[in-house]
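As a starting point, one isolated chain is supplied in structure tokens, in the form predicted alone.
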């Protein structure tokens, strides 16, 4: 996917911006000028939600009643016109080629987003790594999106029965079986994706690092597996057995103690768990590599690239790694939008640099 035209009206501090992006686009300016707002607008148009607020009304420019976004982009040799309008009276309307799309519409703009908070992917909570995993697989697979929603719903029902001390009888048995079936489908999908991500991130890590270090990613289940061979049948049997063994503990604590909502991703650097042994700079570097690998693994599965959005990624890297990352992005086959306060000591030949000030696009360099 490649955005050819982008239009923003009354979004955050931006009254009006229209631009024709290139392959590599850098928005430069001081803090609080509107650089991140442009990335947020692209993400909002693609996903229908913001990565900074849950309230759509907060996205409308002060003293205005509505906002409007448009992107014209190429997707599999076709031109797609995607719009999003929101006003406080009528709510949000998304259209693709003038028609309202479903959430799983294949023509929707796809993005991979890096924000400064993603630097905690390595040392942060397991929930953050699960969210990272779920977001990308949902964009690739409508089946996974459906199964994840189904699992979340049955998990709530199961926890409610445990909380009400109703974890006995036919109703609980039915819920338990649906829970197991939903859980194993999610786990298999995650395992398959992790295998691709593991191979991809290793290659990228070597390219944008000066040190010859080895990276490995493994999926960590919330329960032990007796069999070395993992498939739907072995997972189903093992999870059913482990739930039976944890039954009394679950009833006592009134909560589900096993399942993909408790799984994790283990990241190893030179054979050691990165969140414990990697330096802060190394952890940041790994987090950036994970996002780049997300883009490449998307392509390996879907056959096309999403648009990459990078917010202030350069600020957390030293000069050498900043240039290595920029060189990688300039050579990459996909479109990238990047924000930065400063571009000192960086060679950005063949990139389009846009100067942003007070929500206005001053010029292109």
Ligand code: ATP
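Residue numbers count along the first chain shown, from 1. Quick caveat: nothing in here was measured; it's all calculated off a predicted structure.
This next part talks about the form predicted together with the named molecule, which is not shown.
Candidate site 35, 61 and 312: all three near the named molecule in the model of the complex by heavy atom within 4.5 Å: The answer is yes; 35, 61 and 312 each reach the named molecule.
Interface stretch in the model of the complex with the named molecule - options 26-34, 294-302, 322-330, 41-49, non-hydrogen atom within 4.5 Å: Careful reading of the contacts points to 26-34.
Contact test in the model of the complex: residue 13 vs the named molecule, heavy atoms, 4.5 Å: Looking in the model of the complex, residue contacts with the named molecule include residue 13, since a heavy atom lies within 4.5 Å.
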